[in-house]
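What follows is one chain in structure tokens, specifically the form predicted alone.
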Amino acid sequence: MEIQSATFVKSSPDLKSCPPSDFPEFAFAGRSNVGKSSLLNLLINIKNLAKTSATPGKTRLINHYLVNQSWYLVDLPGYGYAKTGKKTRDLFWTTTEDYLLQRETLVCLFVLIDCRHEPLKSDLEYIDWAGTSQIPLALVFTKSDKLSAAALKRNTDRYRNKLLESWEELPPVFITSSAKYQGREEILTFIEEGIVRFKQV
């Protein structure tokens, strides 16, 4: 897929404030500091369209970007940010949950995972919740350039094996590095295929 245009549309505090659901949507979520903004900028190939921050947990709204005038890239609030108060975390979760469960044009949720860590409880719980809720999803391991090939395989295998304790079949998995432009074409091809399926329904 060639990215010809990408425009920020709006930030929404809740589902009812989101733009009209005229196009297929591909949402991205992950723990704070997982490299989500860097990955989004890599995908759409426009520097700083999605704002990166030195302070984790800055995404607190549902952010819609219209790509190629034909599909939405959606940046969701992060989860598992310890410095955010419980009341605020609960509000983020309610906002995200409503969107993921009720947005009829959602084609896929990409869950981002920092490949440098062993399986984290918050990641596993989020993935399991999405799977149990029958939300179409894919897993994206970020920051692969930070590890050797052996360490990367070891850590991703640990996640796969942990998930297979409760999953019969794993969602699609992508390995990415924003620094080395790894994984961009694979994800965009997957999105393009999702758009085709969406139009056929």
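Model, not experiment: these values are computed from the prediction. Note that residue numbering begins at 1 and tracks the sequence as displayed.
Same protein, other form: the form predicted in complex with a small molecule, not shown, and the subject of what follows.
With a 4.5 Å cutoff on heavy atoms, residue 32 counts as touching the small molecule in the model of the complex. Contact check for residue 179: a non-hydrogen atom falls within 4.5 Å of the small molecule in the model of the complex. The closest heavy atom approach of residue 160 to the small molecule in the model of the complex falls outside 4.5 Å. Of the heavy atoms in residue 156, none are within 4.5 Å of the small molecule in the model of the complex. Heavy atoms within 4.5 Å of the small molecule in the model of the complex map, among the stretches 32-40, 167-175, 132-140, 148-156, onto 32-40 alone.
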